[in-house]
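Here you get one chain, nothing else, as structure tokens; it is the form predicted alone.
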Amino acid sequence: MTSPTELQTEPAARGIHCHKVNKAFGEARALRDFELEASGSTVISLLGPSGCGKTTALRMIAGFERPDSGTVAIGEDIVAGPDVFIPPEERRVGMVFQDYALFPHMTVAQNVGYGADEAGVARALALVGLEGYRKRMPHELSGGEQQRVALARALAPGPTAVLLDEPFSNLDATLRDRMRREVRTILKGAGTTTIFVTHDQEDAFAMADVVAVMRGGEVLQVASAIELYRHPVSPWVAGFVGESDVFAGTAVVGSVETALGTFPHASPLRGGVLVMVRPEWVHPSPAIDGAAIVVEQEFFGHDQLLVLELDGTRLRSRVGHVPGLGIGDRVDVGIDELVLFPEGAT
């Protein structure tokens, strides 16, 4: 068995650095002062809705698009910038496309060997666990196996970085979950810097060490999944990376007053604020004279989603089974955690 470390590049040679990259297609601005730093064996996700510029950013790094301004560096070399443009084949970047782009008339070994020597093919196939599949044709493979072949092809030349475009969009839910774990293990073992784009929060959170949330061609926040989920920089980011409810409040030292009650906080904000909570942070308890009422209830087996209402303010709560609690019941509301934003934040 080939050791994964044999595919690693020298630490000094790893990393992707984008500084103030701009790109427009006619009147449409795809990237606006795009900034990204990825180093070592980091797996970073570009997460955002369709049209936010994440695929353009990936193509810029790969060399398929030329920036209008700004610089892109791979390792210690500037590959795109003022008077500099290194073509894709000279960037030592491996690319895994959304549809895998395997050559249907070539065997697994021939696909992986496209651009790599025999030693690289052997190491890459060992790394993805497909040593015995060398003579198979792409149509003889499952979706997960095709993805691993595409990943092996990207890794075989010993790239400085690997780029993946929506790598799990073609897989069903069960296979998707397993492949996220397998692909992350393979990439971390290979030791290359990895960037992958996705519009799916679960893919980003499960795979990445760091998540960069994009909107309108800009990076809004770069953080670990936990930091991003618990401390989003804006209501929009909060809503994009998970379920959230936002309502008005008035912050004073140590607490915030809302229609649902008064809750503690540690934010420096004072006066009118927006309060963001996740459904799992909200805990209703049955109370005859409770301030809120249950107006909706959805049962999912492992948990249930309740919608609570008070004076027109609605709040979701994701909890386990609460005996005797149903639509029309009154509840008191407890909140474990909350995030405050300035009034008017979007």
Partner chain sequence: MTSSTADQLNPAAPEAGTLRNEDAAAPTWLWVAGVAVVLPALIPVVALVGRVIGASDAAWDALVSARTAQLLARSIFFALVVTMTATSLGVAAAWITTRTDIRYSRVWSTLLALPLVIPSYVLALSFISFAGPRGLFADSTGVSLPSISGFWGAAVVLALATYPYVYLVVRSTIVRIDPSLEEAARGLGSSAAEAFRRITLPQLRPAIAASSLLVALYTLSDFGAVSLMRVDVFTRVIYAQYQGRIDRTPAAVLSLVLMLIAVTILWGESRSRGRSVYFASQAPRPPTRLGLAPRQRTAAHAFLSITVGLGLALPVLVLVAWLLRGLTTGGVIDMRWGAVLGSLSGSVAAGLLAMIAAVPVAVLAVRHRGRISRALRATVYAIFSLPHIAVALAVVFFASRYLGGLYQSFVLLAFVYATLFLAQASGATEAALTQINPSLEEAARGLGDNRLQVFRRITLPLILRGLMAGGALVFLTTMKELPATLLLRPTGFDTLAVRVWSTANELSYARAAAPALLLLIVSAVPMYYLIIRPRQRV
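Source: prediction; values computed, not measured. Numbering follows the first chain given and starts at 1.
Only in words, not in the display: the form predicted in complex with its partner chain, which the text now covers.
Novice: Within 4.5 Å, heavy atoms only: does Leu102 come near its partner chain in the model of the complex?
Specialist: Flag for Leu102 set to yes.
Novice: With the partner left out of view, is Thr55 within 4.5 angstroms of its partner chain in the model of the complex by any non-hydrogen atom?
Specialist: Thr55 belongs to the contact set for its partner chain.
Novice: Hey, in the model of the complex, is Glu89 touching its partner chain, heavy atoms inside 4.5 Å?
Specialist: Glu89: contacts its partner chain in the model of the complex.
Novice: Test of understanding: in the model of the complex, would Pro235 fall inside 4.5 Å of its partner chain by heavy atoms?
Specialist: Taking the distances in the model of the complex, the answer for Pro235 is yes, it comes within 4.5 Å of its partner chain.
Novice: Which one of these stretches, 236-244, 73-81, 251-259, 118-126, sits within 4.5 Å of its partner chain in the model of the complex when only heavy atoms are counted?
Specialist: Looking at the other structure, the answer is 236-244.
Novice: Indicate whether the candidate residues Gly144, His231 and Ser267 are all in contact with its partner chain in the model of the complex, with contact defined as any heavy atom within 4.5 Å.
Specialist: No: none of Gly144, His231 and Ser267 comes within 4.5 Å of its partner chain in the model of the complex.
Novice: Within 4.5 Å of its partner chain in the model of the complex, counting any non-hydrogen atom, which residues from 55-72 show up?
Specialist: Those in contact are Thr55, Arg59, Phe64, Glu65.
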